[in-house]
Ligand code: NAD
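A single chain comes next, written as structure tokens; it is the form predicted alone.
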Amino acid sequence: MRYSNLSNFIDGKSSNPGVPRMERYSPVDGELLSSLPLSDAKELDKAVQAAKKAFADWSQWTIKERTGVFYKYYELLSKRLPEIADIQYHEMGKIPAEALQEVGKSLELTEVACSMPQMATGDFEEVSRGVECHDVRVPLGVVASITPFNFPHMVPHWTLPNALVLGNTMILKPSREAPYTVLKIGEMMKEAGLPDGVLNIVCGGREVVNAIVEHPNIQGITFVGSTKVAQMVYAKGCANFKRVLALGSANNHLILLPDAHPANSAANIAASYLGCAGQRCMSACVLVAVGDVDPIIAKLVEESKKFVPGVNMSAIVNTEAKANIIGYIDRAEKDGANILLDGRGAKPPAGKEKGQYLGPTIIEAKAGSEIAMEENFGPILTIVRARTLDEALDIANSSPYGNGGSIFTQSGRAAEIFCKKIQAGMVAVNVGVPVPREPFSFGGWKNSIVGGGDITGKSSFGFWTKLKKISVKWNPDKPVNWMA
């Protein structure tokens, strides 16, 4: 066993509840990694009570004092990037280069939180003679964040730095596939000086999620995962009078025009659908090929062959996910789709025979088919054909999801039309993964999100706080009008 058995992190220390445990195996080579507790509602309540107690003091720290903890955390994380990347590699199969990039994004998110004293300021105005009004942001209280396996370090940093700097205390529930990465965050936050109880980490499955959405002392919840579960968390959380923001599935469309730069387009599109083995909500899913772009598609096929599973391409997180992805390919083939590149027979390098791997797969299919409409969360790119840009936009906008979209072209006019008409929250021109850099926020449209606002950036400030408006009059000698 590579790691010792895992515990929850509650009130600044390990917590081992008397509950069943789940063994975890590495998707890299099948090695037994550790086991984690499948916590229950009682353990979740223990974490909530610790967070509730800590809130009384933490919320009274000034925002600059709270930010000071994250400056120290930033320094610690900067020094331990290789360690965190190595855990991710074994835990969810992400190749070291991609893991390092992910933790680098966590640093960027922490850096933005450190600038919160300058960004989350309130308004002030003398609204009438002798009358001043200003507003202040007040933390919600105990909040919770439910995070996925595919970015186990970055996604918690979408929420916890901003939420904590703004004065909340948090329950963090990691995916069962990547809990150790998240528990390391708690360990390092404590080392940086975060008071006990401000951040609590509870491992588990559905029972913990249900306990979070039902607990009366949790005021706000964020979730990142599938749309089906996002809608459930939102509905149950709102029914229990909580503030909820839930991010769901995606089916991102890239549009390829004949005037696109062949080499740059092929390289960007391949990296987009094959990064993290396609296990990310911003991967290219569907390539809408407009007109005669077959020479570029041929380059794309050759570029995709450079990605070798287990060498420079990540593993699939577990056997169930691999079987699900293969099912999409099998059904597409049965329905008559043309498979230009088939990754089902991928063989991993020596020593990784028990790992979970799929190779790059490119399928040409009809618009509206299952493979073109549903998120498969794997290294698959589906190509559909269109005669014009307008037709391509109609195909892209027919998706029930609206996370991201990109166009590949050298035409400024075509790019302008695309950016105006595409129905997605994050779009780009000649960029395969249209994720904005901080402080611009992350968030999609349509069924890719449930709730208002984005999960990062300035939009998140409003989610984690209540706005208190204060009016003051000190000078009774000022002339009085109806406003005073």
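Numbering starts at 1 and follows the sequence shown. Bear in mind the structure is a predicted one, so any value in this text is a computation, not a measurement.
The discussion below concerns the form predicted in complex with this ligand, not included here.
(request) Would you check, heavy atoms only and a 4.5 Å threshold, whether P360 touches this ligand in the predicted bound form? (result) Outside the cut-off, so no.
(message) Test of understanding: in the predicted bound form, would N403 fall inside 4.5 Å of this ligand by heavy atoms?
(response) Result yes; N403 sits at the interface with this ligand in the predicted bound form.
(request) Flag S226 as yes or no: does it have a non-hydrogen atom within 4.5 angstroms of any non-hydrogen atom of this ligand in the predicted bound form? (result) Yes, contact at 4.5 Å.
(request) Tell me, yes or no, whether Q219 is in contact with this ligand in the predicted bound form, where a contact means a heavy atom of each within 4.5 Å. (result) Outside the cut-off, so no.
(request) Could you spot which one of S265, T382, N150, S399 gets a heavy atom to within 4.5 Å of this ligand in the predicted bound form? (result) Of the candidates S265, T382, N150, S399, N150 is the one lying within 4.5 Å of this ligand in the predicted bound form.
(message) Looking at G237, P309, G248, P156 here, can you tell me which has any non-hydrogen atom within 4.5 angstroms of this ligand in the predicted bound form?
(response) Filtering the options by heavy-atom distance leaves G248.
(message) Given the stretches 100-108, 134-142, 372-380, 185-193, which is the single one in contact with this ligand in the predicted bound form, using a heavy atom cutoff of 4.5 Å?
(response) Selected stretch: 372-380.
(request) For the heavy atom contacts within 4.5 Å of this ligand in the predicted bound form, list the residues of 284-319 involved, in sequence order. (result) The stretch does not touch the partner at all.
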